[in-house]
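To begin, one chain is listed below as structure tokens, in the form predicted alone.
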């Protein structure tokens, strides 16, 4: 019996959340789908690892767009519709801001959030609440327009707030509310989840993020992000999807401008009507298309016109005491020497020490995530990729440990305890680690930078023009919805929808 079929409707390259979402949606519509994953497990970054006999969450700190049973948001509803049953736990807060002159824990819910900022900055409640309601209006518009595109006139009539703010940065819109700087600082920490300073980050992106996290809160899976990816893979296979692991795709086969299959590293040529690829277009257009002559000049103009966003540097600490014994009181701490996001972004271009860190104690959302009497703490900075590309092999270990040491010392000072004195395990993840284990282009986990020069609204309008090769679709952090676990699901669904729309159009023409 042959390992692969003679032909598939769709081949999906990559079994992370985006690829699995594509596979689920296509299989649900009756298509024959093959998923090829280079790793021996599904999930990509949505995974876990084991150290000292303890399973440790690799990346997922908060999942957006889930909602509660009976009131699901778009990602949670999609998973429910596909029969992917995840045991979601509520994250107990939005974040603790440890920023110059302020120490405060803020919680989800527009009313509560606005009141908590007002307690620090008296007289700001009405303004903050109005700003949050504006974010919610934009959030609702984005969700509707992503499903039901409409003309500019229709958008203006039905989505006035979205249209009026679409051409402005987050800073420009926030400034119109005339808030004191301290209140603006308290509204700013979540910029890190999209990776651009408020001066150049489109308000559309920031508004969506704030409405989702502050309006509805966030979740984590009880059994780590691997619960999510494994259940998605299991459900996909139950729906007839063929998933093959340890299958590294080297080439995407193209003829006369149309993708028709792939070649794996071991030499298998597999054919399909469509290919969905999670690899960055940078990698695809420079080394994966065969023959290379099928890559038009336009492809390089598209990828060269975009900037890569952020990578990650994380120190994982498995500690020998429970969180409360170590002075760890908050699930998510943003620790900053400045809240000038332009300065933070500039600082992230280097090798540290970094002036903006986030620390996550998963035990405070998921008490059973480590053995009794222990705690897992992750400390993360999100540097740009360019500086780490310049680190030589000879210097890599030294630089890695110097950066990690500075990050641990900074958070030790915050908690008032020497964290290394309590460390059972210390694991360091750098941009190089990410590039090695996931093949993400240059270790970039955040896709292409969202800024006012490359706006999400413009990307939506030019999406059809950027389809370089017929029957080849892209999914992953580098696509329109951007980075993060929730957007990965959305990007995968979008790629699948593009395939389904293309099939429908070809049937109409026939």
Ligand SMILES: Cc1cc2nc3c(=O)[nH]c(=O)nc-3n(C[C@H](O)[C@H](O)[C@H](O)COP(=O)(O)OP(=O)(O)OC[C@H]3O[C@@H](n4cnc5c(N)ncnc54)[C@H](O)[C@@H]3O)c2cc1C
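Positions refer to the first chain, counted from 1. Bear in mind that the values here come from a model prediction, so they are computed numbers and not experimental data.
One more form of this protein, predicted in complex with the named molecule, exists but is not displayed; see below.
Trainee: The chain here is shown without the named molecule. Which stretch in 407-415, 273-281, 333-341, 296-304 comes within 4.5 angstroms of it in the model of the complex, by heavy atom distance?
Mentor: Heavy atoms within 4.5 Å of the named molecule in the model of the complex occur in 273-281.
Trainee: With the named molecule left out of view, which of 124, 165, 141, 314 would have a heavy atom within 4.5 Å of it in the model of the complex?
Mentor: Here the answer is residue option 314.
Trainee: What is the one choice in 34, 472, 449, 45 with a heavy atom within 4.5 Å of the named molecule in the model of the complex?
Mentor: Looking at 34, 472, 449, 45 one by one, just 45 meets the 4.5 Å heavy-atom criterion.
Trainee: Answer for residue 146 alone: is it within 4.5 Å of the named molecule in the model of the complex, judged on heavy atom distances?
Mentor: Outside the cut-off, so no.
Trainee: Can you check whether residue 27 is within 4.5 Å of the named molecule in the model of the complex, heavy atom basis?
Mentor: No, residue 27 stays farther than 4.5 Å from the named molecule in the model of the complex.
Trainee: Does residue 170 reach the named molecule in the model of the complex if we count a contact as any heavy atom within 4.5 Å?
Mentor: No, residue 170 sits far enough from the named molecule in the model of the complex that none of its heavy atoms falls within 4.5 Å.
Trainee: Does residue 445 reach the named molecule in the model of the complex, with heavy atoms at most 4.5 Å apart?
Mentor: It does: once the named molecule is placed as it appears in the model of the complex, residue 445 has a heavy atom within 4.5 Å of it.
Trainee: Among 209, 459 and 490, does every residue place a heavy atom within 4.5 Å of the named molecule in the model of the complex?
Mentor: Checked in the model of the complex: no contact with the named molecule for any of the three.
Trainee: Taking only heavy atoms into account, state which residues of 456-482 are within 4.5 Å of the named molecule in the model of the complex, ordered by sequence.
Mentor: Residues within 4.5 Å: 476, 477.
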